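One chain comes next, on its own, written out as structure tokens in the form predicted alone.
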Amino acid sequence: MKNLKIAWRNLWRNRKRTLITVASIFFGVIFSTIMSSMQEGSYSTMVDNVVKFYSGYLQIQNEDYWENKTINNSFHPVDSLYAIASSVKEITHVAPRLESFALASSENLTRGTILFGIDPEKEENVTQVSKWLKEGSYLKEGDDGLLVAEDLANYLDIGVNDTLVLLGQGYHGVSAAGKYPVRGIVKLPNPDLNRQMVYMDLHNCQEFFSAENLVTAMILMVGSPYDLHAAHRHLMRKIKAPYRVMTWDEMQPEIVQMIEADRSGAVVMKGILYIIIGFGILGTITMMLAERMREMGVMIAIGMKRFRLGIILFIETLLIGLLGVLSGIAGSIPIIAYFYNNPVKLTGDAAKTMIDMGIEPYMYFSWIPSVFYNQAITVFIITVLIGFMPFLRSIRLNLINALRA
């Protein structure tokens, strides 16, 4: 405790020097925290787009469906499955879906489509399809109309209230054909889906495919991404063959690989930033030692043990690191809070690239705790490692040279 008190007093004997050192750590923590927040924010946005627009966080499927996506591998969503999903507190919404393929035709134009049979109200709670509505109206329960993706509608030269012909293969090879009015046009953020997506009321879709009361998946949403693993664990204990439970990352491995690849690249950038921060701290600590060389020599000459002097200098460095880290976190919180609530809108080529990837053209920031404490811990560890330098310098100090400094 006595050494701590001496170290604390030593810091403020030269306020300017101490504040310069603290400032170098302060800005290092802020820069690294902002970089991490931007990085994690972009990952969260990417996952959020995939989850809320298409796959959901979890899906209950026939155990053979994912390997062979045919309507023949659909299943009856029995009440017991809904009861199990409702019993898991982390799950907030459940939406049945029948997904298959069909040919969409208008006049002499034809294109292959992905046909989604949805419960309009439940699907809205999961994927919020209506927010992508460009013209027309959203589907109602029992509606006999369709929602058509914008690029598909443009290719087929159809608009709201026009008729679209659908041809396909139904359950167990039954022929599927029908004419349906277009209720609305949706502009989807994913370019591939925007070229081939058609939404239809679930009961109407089941009738079209002769798949009465069948679905290909039950889409499950959780309140927070952090609840995903708990919900998955509970469902895996309760749901057995012939059903299976899949998480979004199992269904979208390319997104996971993209995030991991980008995160690996970011490690290099963070490494460079931490090296810069480390050299900044090292420079100020070296300057501090050079200025106090004679002082340390005098202290040893009048009887202070070298080891104790080294401990005091080490504690001083730790206190400087602690002050810099705490002030850096305090300074980064309002900055990240502002950008978290006010995402930066991108323009030009950067915006076009993100739109082509199916991501909204905004730079989002993350507010997860690890953004703050990971950077703080890393910078503090760097400071601790640098703190051994004044300790070793005091142990090896040449007394004659120090007194002449």
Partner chain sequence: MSIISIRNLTKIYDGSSVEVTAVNGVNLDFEKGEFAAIVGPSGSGKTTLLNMLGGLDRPTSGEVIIDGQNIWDLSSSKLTEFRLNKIGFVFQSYNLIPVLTAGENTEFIMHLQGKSREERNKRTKELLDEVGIGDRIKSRPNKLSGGQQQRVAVARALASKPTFILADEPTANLDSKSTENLLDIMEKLNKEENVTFIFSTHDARVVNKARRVITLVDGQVDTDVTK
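Numbering follows the first chain given and starts at 1. Predicted model only: the values in this text are computed from it and were never measured. We call the rigid core the largest set of C-alpha positions that still match within 1.5 Å between the two forms.
Beyond the structure shown, there is the form predicted together with its partner chain, which is absent from this document and is the topic of what follows.
Asks: Which of these residues, His234, Lys270, Arg111, Arg306, gets a heavy atom within 4.5 Å of its partner chain in the predicted bound form?
Replies: Among His234, Lys270, Arg111, Arg306, a heavy atom within 4.5 Å of its partner chain in the predicted bound form occurs only for Arg306.
Asks: Which of these residues, Lys131, Lys140, Lys187, Arg294, gets a heavy atom within 4.5 Å of its partner chain in the predicted bound form?
Replies: None of the other options qualify; the answer is Arg294.
Asks: Given that the partner is absent here, does Ala177 sit within 4.5 Å of its partner chain in the predicted bound form, heavy atoms only?
Replies: No, Ala177 is distant from the partner.
Asks: Is Asn10 part of the interface with its partner chain in the predicted bound form - any heavy atom within 4.5 Å?
Replies: Yes, Asn10 sits close enough to its partner chain in the predicted bound form that at least one of its heavy atoms falls within 4.5 Å.
Asks: Classify Leu4 as contacting or not contacting its partner chain in the predicted bound form by the rule of any non-hydrogen atom within 4.5 angstroms, answering yes or no.
Replies: Outside the cut-off, so no.
Asks: Heavy atom to heavy atom, is Ile302 within 4.5 Å of its partner chain in the predicted bound form?
Replies: Taking the distances in the predicted bound form, the answer for Ile302 is yes, it comes within 4.5 Å of its partner chain.
Asks: Choose one stretch from 274 to 282, 306 to 314, 189 to 197, 225 to 233: the one whose residues place a heavy atom within 4.5 angstroms of its partner chain in the predicted bound form.
Replies: Result of the contact check: 306 to 314.
Asks: After fitting the rigid core, is the C-alpha of Asp201 off by 2 Å or more between the shown form and the other one?
Replies: After core superposition, the C-alpha of Asp201 moves less than 2 Å between the shown form and the other one.
Asks: If the two forms are fitted on the core, does Arg292 show a Cα displacement reaching 2 angstroms between the shown form and the other one?
Replies: It does shift by 2 Å or more.
Asks: After a rigid core superposition, would you say the CA of Leu214 moves by 2 angstroms or more between the shown form and the other one, or not?
Replies: The answer is no; the displacement is under 2 Å.
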